[in-house]
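One chain follows as structure tokens, the form predicted on its own.
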Amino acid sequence: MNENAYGPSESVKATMRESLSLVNRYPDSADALVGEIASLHAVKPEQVVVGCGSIEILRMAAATFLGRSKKLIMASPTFDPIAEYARRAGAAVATVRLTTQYAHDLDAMLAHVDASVGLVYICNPNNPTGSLTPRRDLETFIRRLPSATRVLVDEAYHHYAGTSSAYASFIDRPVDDGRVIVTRTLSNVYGLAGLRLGYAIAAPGPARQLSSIRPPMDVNVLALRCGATALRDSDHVSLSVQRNANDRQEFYNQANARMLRVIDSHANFVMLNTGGPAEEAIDHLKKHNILVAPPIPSMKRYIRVSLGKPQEMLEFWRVWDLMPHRKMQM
């Protein structure tokens, strides 16, 4: 599920314990959390929209900018709940295969653009491939879209993208384009997947549109308080990023030792070429209490493996080596 296996910081755990006495109360205003987010990103509070996980922002975006006679354009494979939200809103969905380098095929996406396009979804780094689409290419793509088309850039795995010259956040290095909406989550690097907290940064106009359909009191009281603490704990973010980099490199080392191919990842998971049908590998792992993501229809030989603690990854490889035909390949 791509969680942070090491969990939240000690300061967040302390806030959680202190806040337990409030769980009999409805959550109060999100203003304090919004203020922390706005301060972190040097934006105005009216540009911030919080939600029950960033997936809630995706639902709100589909409900706001799509509908009958509208169209969503997205990659395949990518994080696809937004496709279901679009269909529920009555919109058409156009999916475009990733390039051979596992980047968004922006030229092919442009070929689907017409007056009906209400929203384009870009997950960068992309889930499930962990791959990047170069920032320069995205800027060119955005400039070529119709003036009424919104672009939602999902940066759920932003912190793991590292210092690649191909990557730059649309929050940290914004473009002068009010159509761009950027989402982040506290589920990954901050270790708060179970509290369900995410947010969007947008121009005041789109932010108001999103907020207008936000359910009341959707962010729970623990998330409001722990989220604010987590955002202030930059040391824990740095530690989580370094741990992930180490665990990811060790995964590459183990895969290379077995002559297995992986897709270069800029996230906290890795796409592994199983050398055979993905379903067989997934079933074998499950029989030994190792769970990975479900099969990806367009990538029939790959499985997505979320990175765990070193001992957990040792168990993954121990179980992997029990597959007879994989033994012969080693």
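A quick note: this is a predicted structure, and the numbers were derived from the prediction, not measured. Residue positions are given as counts along the sequence shown, with the first one as 1.
If you look for the form predicted in complex with a small molecule, you will not find it shown, but the lines that follow are about it.
Partner contact region in the model of the complex: 152 to 160, out of 213 to 221, 152 to 160, 100 to 108, 249 to 257, criterion any non-hydrogen atom within 4.5 Å of the small molecule. Under a 4.5 angstroms non-hydrogen atom cutoff, the small molecule in the model of the complex has F79 among its neighbouring residues.
Using a 4.5 angstroms threshold between heavy atoms, I55 counts as touching the small molecule in the model of the complex.
When contacts are judged by a 4.5 Å heavy atom cut-off, T133 does not count as touching the small molecule in the model of the complex. Using a 4.5 angstroms limit between non-hydrogen atoms, Y121 touches the small molecule in the model of the complex. Put simply, of R196, K71, H112, R232 only one has a heavy atom within 4.5 Å of the small molecule in the model of the complex, and it is R196. The listed set T95, N127, Q209, S169 contains one residue whose heavy atoms approach the small molecule in the model of the complex to within 4.5 Å, identified as N127.
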